[in-house]
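Just the one chain here, the form predicted on its own, laid out as structure tokens.
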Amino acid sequence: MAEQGAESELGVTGRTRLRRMRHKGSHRRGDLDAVLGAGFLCHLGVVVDGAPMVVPTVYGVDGDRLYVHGSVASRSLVQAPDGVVCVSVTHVDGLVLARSVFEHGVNYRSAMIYGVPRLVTDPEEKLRGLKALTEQSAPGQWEYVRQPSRKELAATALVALDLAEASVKVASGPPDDGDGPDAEMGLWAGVLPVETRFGVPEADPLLPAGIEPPAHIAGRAGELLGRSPGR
């Protein structure tokens, strides 16, 4: 599949069709890229030994492919080579605190990707996928540290999933009861923002004195996590 432009629309399937709160949803590739680009941790839903399992794991994006790290996914592929998996990514931006419990909610950005995954076995592609995972979370780290050996590559499970079948939902803004009867109660209502930031780098206790964190690590102190460009 050729790489899609940011303004292109993803195909709608029975799994990605937006049924509830459709006004918050999107099938634009650009919106999907924004959600994926703002994080590096996903939840992978697979069936293992006949039972559903959802595991947190890291991911990386390379063009039209999502690479996911995890042996659980490889076990699932061995048992059901044509089985569909679901990958979800969510960023929580705030708690929406209304005048009534019924109107409470969460401001968030989320994406769900479905598809039949493929176990990556080609060494060159596996290197590209692992680089995507590394650079997704710590840009610049791949070139800074030692890269995987053949033995390490063979011991690493990596799964590829096309981004063709996906949907996005975004919720933002204040509570919806500001112009309703509950507004007359005189209660505070609004949004309690949720922010996650990188802290100051903490050195390995066994690190010799004088080795400082590289610029691509030190420069992230205080940086907001989960924010796509422009937010």
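Heads up: residue numbers just count along the shown sequence, starting at 1. Predicted model, so just to flag it, every value in this text is computed and none were measured.
The form predicted in complex with another copy of the chain exists for this protein as well; it is not shown, and the discussion that follows is about that form.
The closest heavy atom approach of Arg28 to another copy of the chain in the predicted complex falls outside 4.5 Å. In the predicted complex, Pro148 approaches another copy of the chain with a heavy atom inside 4.5 Å. Although the partner is absent here, Glu152 lies within 4.5 Å of another copy of the chain in the predicted complex, judged by heavy atoms. Remark: His104 counts among the residues lining another copy of the chain in the predicted complex, judged by a heavy atom distance of 4.5 Å or less. Here the marked residues Val120, Leu158 and Ala171 all miss another copy of the chain in the predicted complex; none has a heavy atom within 4.5 angstroms. The partner is not shown here, but in the predicted complex the stretch 93-121 reaches within 4.5 angstroms of another copy of the chain through a heavy atom at Leu95, Leu97, Ala98, Arg99, Ser100, Val101, Phe102, His104, Val106, Ser110, Met112, Tyr114.
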